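As a starting point, one isolated chain is supplied in C-alpha cells, in the form predicted on its own.
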C-alpha cells in the first residue's frame, strides 16, 4: 500500500506596506497635515523657481519704476522705493526660510542635547537645567527679543543677527519636552535590558532612546520654526530688522510708514501679508499633524 507524503502547509507571507505608503495613508487621513504640506511645498516651489528666473537686484530700492500697480510686467506691482515686489517676495521668502530653519534647527538641537543630558544623567545636572528653564520660561520671549534688537545699531542688524536674536531663548521648550519624554523612556524594559547587556550610555541614548523620540523631535522642530518665523516677522514689522533687506515684515513696515492704503497702493502691504499668513498657517497645520503622530493620546485610529 503506497503512502502519499503530505507536504507541510505553506505559510502565507504578510507583506507590510512601506513607510512611504504608510505616510500617504496618514496624509489622506489627516487632512490638516496634508493641506499644510501642500501649501508649504507650493511656497518652496515659488521661492526656488523665483530664485532661478527673477532678477533679484530688483528686490532692492531704485531698481524699477516706483508705485506701479500689478501688471504683466510687474505681477505684484512695485513699491514707493522702486522695488519689484515679485523679486522682493522671492528674496524675502528665502530670507524668512533661512531665519526659520536656522533658528528653529539650532534651538531644537540645543534643546534635545540639554533634554537628554538632564533626564538621562539626572542629579545636580538635571536640577540645574530644570531650574534655569523654570526661571526663564515665564519671561516674555518677544519682549526680550524686542529689547535686544532695539539696542543694536541698525547698520549691524543682518539676517544672521536676527536669527541669533530669535534663537536666544528658543531652546527652552524643546528642552522641557525632550526631558519629559526621556524620563519616561529610560524606565522602559528595553533600556534596562540594554544596560544589563553592557551597552554604554551613549549607545543607549543614540540606539535605543533617540529613534523612539524622532516624531517628538520633528514636532518640536516645526514648532520652533513657526516661532522663529513669527518672531522675525514681529521684529521686522516693528522696524527692528535689517531695513534694507526685503523681509516680509520689512515690506509691511515700510508700507505702513508710507501710508500705502491711504495713498491707494493696496498691493504693497496685501501681498506680503497673504504670504506670511500662508507660511504661518502651513507650519501650524504641519505642527498639529506631527503632534498627533507623536502623541498616542490624540492619535486617531485607521
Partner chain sequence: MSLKLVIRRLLFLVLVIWAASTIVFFIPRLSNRNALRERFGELARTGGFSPADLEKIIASMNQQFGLDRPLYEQYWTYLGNILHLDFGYSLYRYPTTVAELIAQSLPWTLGLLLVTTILSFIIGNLLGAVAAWPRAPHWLRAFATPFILLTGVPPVIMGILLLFFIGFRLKWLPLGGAYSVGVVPTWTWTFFFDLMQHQILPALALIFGSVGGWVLSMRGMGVTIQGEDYVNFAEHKGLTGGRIFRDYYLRNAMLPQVTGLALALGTMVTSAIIVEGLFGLPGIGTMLNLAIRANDFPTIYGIVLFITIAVAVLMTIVEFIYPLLDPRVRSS
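Positions refer to the first chain, counted from 1. Note that this is a predicted model, so its numbers are computed, not measured.
Keep in mind the form predicted in complex with the partner chain is missing from the figure; the text below concerns it.
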By the heavy atom within 4.5 Å rule, which residue out of 74, 226, 120, 81 makes contact with the partner chain in the predicted complex? 226
State the residue from 148, 218, 191, 97 whose non-hydrogen atoms include one within 4.5 Å of the partner chain in the predicted complex. 148
Where does the partner chain sit in the predicted complex: which of 49-57, 64-72, 36-44, 250-258, heavy atoms within 4.5 Å? 250-258
State yes or no: in the predicted complex, is some non-hydrogen atom of residue 269 no more than 4.5 angstroms from a non-hydrogen atom of the partner chain? yes
Exercise: residue 273 in contact with the partner chain in the predicted complex, heavy atom 4.5 Å: yes
Classify residue 142 as contacting or not contacting the partner chain in the predicted complex by the rule of any non-hydrogen atom within 4.5 angstroms, answering yes or no. yes
Might residue 138 be said to contact the partner chain in the predicted complex, defining contact as any heavy atom within 4.5 Å? yes
Do all of 102, 187 and 214 end up near the partner chain in the predicted complex, with near meaning a heavy atom within 4.5 Å? no
